[in-house]
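Just one chain follows, in the form predicted on its own, and it is written as structure tokens.
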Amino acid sequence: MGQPATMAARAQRNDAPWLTLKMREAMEAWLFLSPTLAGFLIFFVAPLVAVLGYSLTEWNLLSQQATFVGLANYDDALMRNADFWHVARNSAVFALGLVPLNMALALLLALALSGRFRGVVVFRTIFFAPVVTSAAAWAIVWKFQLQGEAGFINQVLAGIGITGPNWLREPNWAMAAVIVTRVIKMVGLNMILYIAALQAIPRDYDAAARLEGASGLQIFRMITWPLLGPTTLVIMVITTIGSFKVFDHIYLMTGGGPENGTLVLAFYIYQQGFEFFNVGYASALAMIMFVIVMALTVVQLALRRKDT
């Protein structure tokens, strides 16, 4: 009797888990997160560290020689190179023009197309189609539309007695043209996000407000707009980041001209790295842009948290 009991007790001890429930749950969580974490480390953290290392060197792609220069590239960009501040100003103008216009138009379209009526899917598709259209094709088509007297836009204006400017050859008009065409291309994405948020708002709130005699404007200001706050924050962050990352639009429509009037930071980094082959300086500019975008994102999150 003693021997079978001893063997049963030993088997029970061997079958007992050597990990606690909390440790098992932690291991399972890390296993599920490991693919995403590996991708984050490989495709974000590693390149970021590499760019930081390049920014501390003077590396020319043609000579393939790299010399450690410390913070000299940052000092050159921020203290000595007037072109950087001109480019930073252009980037700020582009962002300040694109973000509010994109968000306002997206919200108006969402309010108009969030209901159910005949043809609503067609209208949503029309406004969303530019988002999935090739950026290169979109920019090239608009470049032809905005040419001088031969462009379609100016021909339409001439038909009603208005002489249009040479949109892409005058600095101020070129920046405005690039902003508007970019807004038209990307507004559909934010429109869809706003439509999803509007449809998630319970209809009971509107009904109760209308019973109390609230007008449509009051309902929007006191109920709808506050409830759209989280979606508005997401849209603002991703649109701001996208405005600083814009490259293809500038490259294909204006090439940074005229007179560097549309030369924004992303395109300037490309020029320094792949046209002038100053990889170290381009990397420093990239890190500066990363810090700017990160700071703007943190400020937006802080303002949203303060409002709530």
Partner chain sequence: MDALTPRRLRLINQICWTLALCVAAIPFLFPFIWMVSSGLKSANEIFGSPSIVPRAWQWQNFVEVFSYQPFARQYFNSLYIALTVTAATLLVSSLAGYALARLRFAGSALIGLFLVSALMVPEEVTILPNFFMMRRVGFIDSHWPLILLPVFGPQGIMATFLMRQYFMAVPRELEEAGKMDGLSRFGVWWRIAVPLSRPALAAVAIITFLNSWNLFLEPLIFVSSLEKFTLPLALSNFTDPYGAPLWHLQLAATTLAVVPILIVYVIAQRQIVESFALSGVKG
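Positions refer to the first chain, counted from 1. All of these numbers come straight from a predicted model, not from anything done at the bench.
Absent from the display: the form predicted together with the partner chain. The rest refers to it.
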| request: Answer with one of 136, 200, 79, 158: the residue that has a non-hydrogen atom within 4.5 Å of the partner chain in the predicted complex. | output: 136
| query | Which pick from 72, 184, 104, 92 sits with a heavy atom within 4.5 Å of the partner chain in the predicted complex? | reply | 184
| query | Just one of 79 to 87, 96 to 104, 171 to 179, 123 to 131 has heavy atoms within 4.5 Å of the partner chain in the predicted complex; which? | reply | 123 to 131
| Would residue 276 count as touching the partner chain in the predicted complex under a 4.5 Å heavy atom rule? | no
| query | Hey, in the predicted complex, is residue 67 touching the partner chain, heavy atoms inside 4.5 Å? | reply | no
| Can any non-hydrogen atom of residue 36 be found within 4.5 angstroms of the partner chain in the predicted complex? | yes
| message | If we define contact as a non-hydrogen atom of the residue within 4.5 angstroms of the partner, is residue 56 a contact of the partner chain in the predicted complex? | response | no
| request: Would you mind checking 243 to 268 for residues with a heavy atom within 4.5 Å of the partner chain in the predicted complex? | output: 245, 247, 248, 251, 252, 266
